[in-house]
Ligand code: BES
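Form predicted on its own, single chain, as structure tokens, below.
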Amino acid sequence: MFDPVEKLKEFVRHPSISADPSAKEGMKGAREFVAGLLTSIGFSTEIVPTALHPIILAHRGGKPEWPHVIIYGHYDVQPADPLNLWQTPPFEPQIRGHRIYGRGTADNKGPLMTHIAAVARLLERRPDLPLRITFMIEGEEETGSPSFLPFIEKHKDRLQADFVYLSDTGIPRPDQVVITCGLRGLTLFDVVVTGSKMDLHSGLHGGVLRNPIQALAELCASLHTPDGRVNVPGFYDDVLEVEPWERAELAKLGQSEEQYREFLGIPAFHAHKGYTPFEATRFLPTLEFNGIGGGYQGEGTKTVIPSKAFVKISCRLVPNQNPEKIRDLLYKTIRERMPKDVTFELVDQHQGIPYVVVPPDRSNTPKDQSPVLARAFRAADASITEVFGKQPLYLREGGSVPIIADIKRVLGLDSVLFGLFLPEDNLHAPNESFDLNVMEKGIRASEKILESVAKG
């Protein structure tokens, strides 16, 4: 009998931190565990080498006329730091109440195991199921998926399917599933500012040169207006107006702004005028500072003027914004505003593009949508409603899944994104967890969705 909770525990025990070169054994262990699991339920499985962390490709074949679905996931996780904030060790999964705690439980090992368990149960019950299934599971999602695009370009012929199915997005409550219909794009870069050629004694040299931290702080402060708008000329030029149906669908969430504020632990919101906090996180572009540093960071004091300071900046972008254009606008603004008595470097990082994932109007299927994909949407709507007790909502997601755009551009495939993780799951943070009740319902719904797709 396939026990998804025990399998998830075993999966989480592998510290598969793709960003950490010392975690190679954890990456290998997680990869081999998933490959072995898929082989055990009847899949032809291979581990395909990439420039860094291999991709697992597992096939269940069948007749050419059978529908073909690709199920995507990733076996890598974020670093667990800061370790002192975890109540239990991050790679020793613990169940407390109806939650399983551990790094990767919600992102993405729990959701991935949900679909593996659904497939295992379905094939045990229906070994003759007329459905071709391919699992495509990467190990670099948490570092920007650098090997993913070359992989799908190289193996394009092997990845011809009807749609891609995945769970790497969120839901607001355990009883309210969201099928994501839009993802914000992403542009990332660093700014490194240099003053003197070395750290200087602040008593001997203070007052004769600009401190790189001051230069960086002044620059960062200039990139927003007091009301929270991004203060970069042209930043909003291509932003489209929000459609009325999108506001109406979001209103169905019935979320309380006060509860959201308390959840965040902030004294007040700082959102765009004319947008609710919930609209701002889904419909508007952003510019955020993700990390900043320079000078002495230890206990006590050290009176130095640092030689260098840095800031990490990310922009979440909405449909119709071009990441390259936004990056160029930002670089131009930074060059104009940076003080002339320091030097600086702009360092490109990973970037993605906006992508509309599913049709917004379920009753008005686009003419170019494949019959199998349309059937998948109908099956998802019906199955999720039956299992979770409420019809799913179709909403944009505030986050980014850049691989979705690559899949659409290279393979020509749309994606069905079945959200499963909750706000309280603490993705990327200490004490990450996954709701086991949501997992069990997700397994049942996913099993029904796949069976309905196969029936035709």
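Note that residue numbering begins at 1 and tracks the sequence as displayed. As the structure is a computational prediction, the values presented were derived from the model and not from experiment.
From this point on, the text means the form predicted together with this ligand, which you will not see here.
The closest heavy atom approach of Glu138 to this ligand in the model of the complex falls outside 4.5 Å. Not displayed here, this ligand is kept clear of Lys390 by more than 4.5 Å at the level of heavy atoms in the model of the complex. Residue contact with this ligand in the model of the complex: Gln321 places no heavy atom within 4.5 Å of it. Using a 4.5 Å cutoff between non-hydrogen atoms, His115 does not count as a contact of this ligand in the model of the complex.
Taken together, the three residues Gly144, Leu186 and Val401 all come within 4.5 Å of this ligand in the model of the complex, as judged by their closest heavy atom.
Among Phe421, Phe418, Phe43, Tyr394, the residue placing a heavy atom within 4.5 Å of this ligand in the model of the complex is Phe421. Residues within 4.5 angstroms of this ligand in the model of the complex, judged by any non-hydrogen atom, belong to 167-175 and to none of the other stretches in 191-199, 221-229, 236-244, 167-175. Contacts between 301-320 and this ligand, taken as any heavy atom within 4.5 Å in the model of the complex, involve only Arg316.
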